[in-house]
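Only one chain comes next, encoded as structure tokens, the form predicted on its own.
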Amino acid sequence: MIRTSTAVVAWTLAAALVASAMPAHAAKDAIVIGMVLEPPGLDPTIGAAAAIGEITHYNIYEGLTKVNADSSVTPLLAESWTVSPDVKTFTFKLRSGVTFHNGEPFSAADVKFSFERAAAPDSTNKDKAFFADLAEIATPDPNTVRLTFKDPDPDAPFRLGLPQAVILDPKSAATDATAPVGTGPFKLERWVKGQSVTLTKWPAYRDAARVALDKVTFRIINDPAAQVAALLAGDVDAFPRFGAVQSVAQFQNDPRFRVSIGGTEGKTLLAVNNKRKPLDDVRVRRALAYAIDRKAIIDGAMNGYGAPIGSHYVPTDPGYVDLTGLYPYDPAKARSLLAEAGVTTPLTLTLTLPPPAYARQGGEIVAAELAAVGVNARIVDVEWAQWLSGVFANKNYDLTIISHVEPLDLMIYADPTYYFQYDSQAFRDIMARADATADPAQRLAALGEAQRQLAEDEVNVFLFQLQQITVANAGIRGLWKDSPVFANDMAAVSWE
């Protein structure tokens, strides 16, 4: 259920009355975008939070390639590239005449610096393993970069279009988290912590003429009821990844707004600390899976928006294997497995919930379902910064609900220090085979095997694919319907 205070209800009703007479948006060169979570910093190459890329990717920073809304990959800072027959060497021809916001010229040396920094022993880049697989970064001239990987990597052009692969200026990299400098169409104007991040158009951008917006403000609004109120009042013009799913029909029936429903790479999980007893016993993790009714969570927390998943892949991923039938909803089986594992019930575990509605509302349903099999899930609501430090960094949790939105991210399970603390040599061997082959069919087969291994070990309780619900003023054009990568490409957005 949504926890809504009387004050918020009054605000929502008042906003609706005001909005009924709301004039068309006057400023055609500015826009306010709603966001659920505030990023901890503004450098996506050192932080794991997807919210960093939602603000900075394609806006402040750019990479060699661009992942588009339809998952296609096109040139960005690279004009073109070629691939060796063994799919290990990629040669990129770079755009000439590109500069950073601070006036420094962009060249192959910046690519080399950025990727070596990402692969360094002290790197906190979420795709560090990808960059560490580089055997050589050659820069034969300022406009050419040759990347040679230790193993074949047919996904390299896609990965180079993700936020963690953006190119930084060596002179600003140390301070990019608070004072970002990139080659993109927008610059940071101000960041009011806890409230908003404002970007302004960079006049010196190489393609500035096609950028319609002069100002973009990202407003941070966690509470679903407040999201509704802000849209109705005109305080927010668009809300990609809208959290108030129970209010979607209200906006679909209002001609002032346009609603789109698309897909994302979001794998929503009941994530499990695999090192905590008794969760280190696979029988206990499987018991949790049998105790959970995915459909009840999708219907109750997401108003029906979501597709069930049975491993760490979504149905649109290449090589997806449908494993949703492996752990059907079966409370009796859950109780039997807990008894078999020697667990005395009631078993008390913490369930740490970050702010997104899918976590807070889904958590209440999960807790009720677990209680039915003798597991007392004690809910602990935390803010996003607390989740990042307590759960993600310090692994101080039993269970949590989170959506992993990075594409092609099975490799996180090969890292035993990752916050799941899953340590499986069998899984690492499967991923090594997937990475070592240049044959597409063999690679997809290995990825299927990897999904099965995660499901067999039931590392986490895999819940559903997060859908992207966007509510926007009907006069806005260019917002993405689908998000293979969490980004808001504001250079493509305009008012009618």
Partner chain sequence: MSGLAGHSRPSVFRHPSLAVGAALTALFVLAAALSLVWAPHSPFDIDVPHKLAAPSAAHWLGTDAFGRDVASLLLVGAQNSLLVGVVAVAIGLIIGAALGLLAAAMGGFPEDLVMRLADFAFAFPAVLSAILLAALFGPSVLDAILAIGVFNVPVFARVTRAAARGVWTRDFILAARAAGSGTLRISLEHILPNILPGLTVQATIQFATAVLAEAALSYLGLGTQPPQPSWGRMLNDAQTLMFQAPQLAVYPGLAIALAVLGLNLLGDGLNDLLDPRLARTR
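Numbering follows the first chain given and starts at 1. These numbers were taken from a predicted model, which means no experiment stands behind them.
If you look for the form predicted together with the partner chain, you will not find it shown, but the lines that follow are about it.
- Stretch-level contact analysis of 282 to 290, 115 to 123, 242 to 250, 398 to 406 against the partner chain in the predicted bound form, using heavy atoms and a 4.5 Å limit, identifies 242 to 250.
- Looking at the partner chain in the predicted bound form, residues 103, 177 and 179 place no heavy atom within 4.5 Å of it.
- When the partner chain is considered in the predicted bound form, residue 164 lies well away from it, no heavy atom lying within 4.5 Å.
- Using a 4.5 angstroms limit between non-hydrogen atoms, residue 299 touches the partner chain in the predicted bound form.
- Although the partner is absent from this view, residue 231 stays clear of the partner chain in the predicted bound form, with no non-hydrogen atom inside 4.5 angstroms.
- Proximity of residue 361 to the partner chain in the predicted bound form falls within the 4.5 Å heavy atom cutoff.
- This chain is displayed alone, yet in the predicted bound form one of 365, 238, 326, 347 has a heavy atom within 4.5 Å of the partner chain; that residue is 365.
- Of the residues given (423, 254, 151, 223), 223 alone sits with a heavy atom within 4.5 Å of the partner chain in the predicted bound form.
- Contacts with the partner chain in the predicted bound form, taken as any heavy atom within 4.5 Å, map within 380 to 394 to 381 alone.
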